[in-house]
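In the block that follows, a single chain appears as structure tokens, in the form predicted on its own.
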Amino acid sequence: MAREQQPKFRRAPPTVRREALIEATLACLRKYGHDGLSVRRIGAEAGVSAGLITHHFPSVSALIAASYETLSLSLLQSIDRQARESGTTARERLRRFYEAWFAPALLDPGIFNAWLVFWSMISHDAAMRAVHDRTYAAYRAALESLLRQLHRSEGVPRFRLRPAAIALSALLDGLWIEASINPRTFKAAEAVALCEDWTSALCAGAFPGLLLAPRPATRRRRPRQPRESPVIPA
């Protein structure tokens, strides 16, 4: 039986080493799911000893939390950048966001494996919960920014940005989860079309709960007539 080859230690700056460990963790989670949480596997993937992990991170949980935040923000920034660089109108930017969200790279089963691990830890790990709150806030802010541009478009009724972004994120997440679990359920183009229908419905005022009340008309004040000076009898 061949002995497991020990990783060769290579000196590197702490920042570079941390990034390498995060990448190794994500690679292990993509390949093995929950089994990828093994310190030995992560160390072997990064080419370092298992003991070096706790030298750069206070715990394995801290490494997982850092990996969660790195993956979440990197994907969001990439999708948002694609939407803003290629879209010229508010509707087109939203459509580009939808297309990037359901691109083959994001429907990779490995990414879904990693996400399942992250989600399973949120309820009982404070660090993971904090990362979730930060990344979800960034996700919602990106959607609010795109919807704000739509909100300013001609002919679009005034709607509440925050609940609209929450509703849209729920639609995107639900479709993405189902497409990741079983890619035969529907095609990516169908998911994009459903999101486009949601945008059209929003622009048509079809969600009364999201609409803002119309501003009350302001009454014009009549100019005051100058008072006549009282006539004093001679």
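So that the term is clear: the rigid core is the largest set of C-alpha atoms that superpose within 1.5 Å between two forms. Quantities reported herein were computed from a predicted structural model and do not represent experimental measurements. The numbering used is simple: start at 1 and walk along the sequence shown.
Not pictured, yet referred to below: the form predicted in complex with a further copy of the same chain.
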Quiz item: Would A170, E178 and T185 all count as contacting a further copy of the same chain in the predicted complex, using a 4.5 Å heavy atom cut-off?
Solution: yes
Quiz item: Is G174 close enough to a further copy of the same chain in the predicted complex to count, meaning some heavy atom within 4.5 Å?
Solution: yes
Quiz item: With a 4.5 Å heavy atom cut-off, would you call D108 a contact of a further copy of the same chain in the predicted complex?
Solution: no
Quiz item: Is there a heavy atom of A193 no more than 4.5 Å from a heavy atom of a further copy of the same chain in the predicted complex?
Solution: yes
Quiz item: Going by a heavy atom distance of 4.5 Å, is H124 a contact of a further copy of the same chain in the predicted complex?
Solution: yes
Self-check item: Stretch 128-156 - residues with a heavy atom within 4.5 Å of a further copy of the same chain in the predicted complex
Solution: R129, H132, D133, Y136, R140
Quiz prompt | CA of P208, rigid core aligned, shift of 2 Å or more between this form and the one not shown | solution = yes
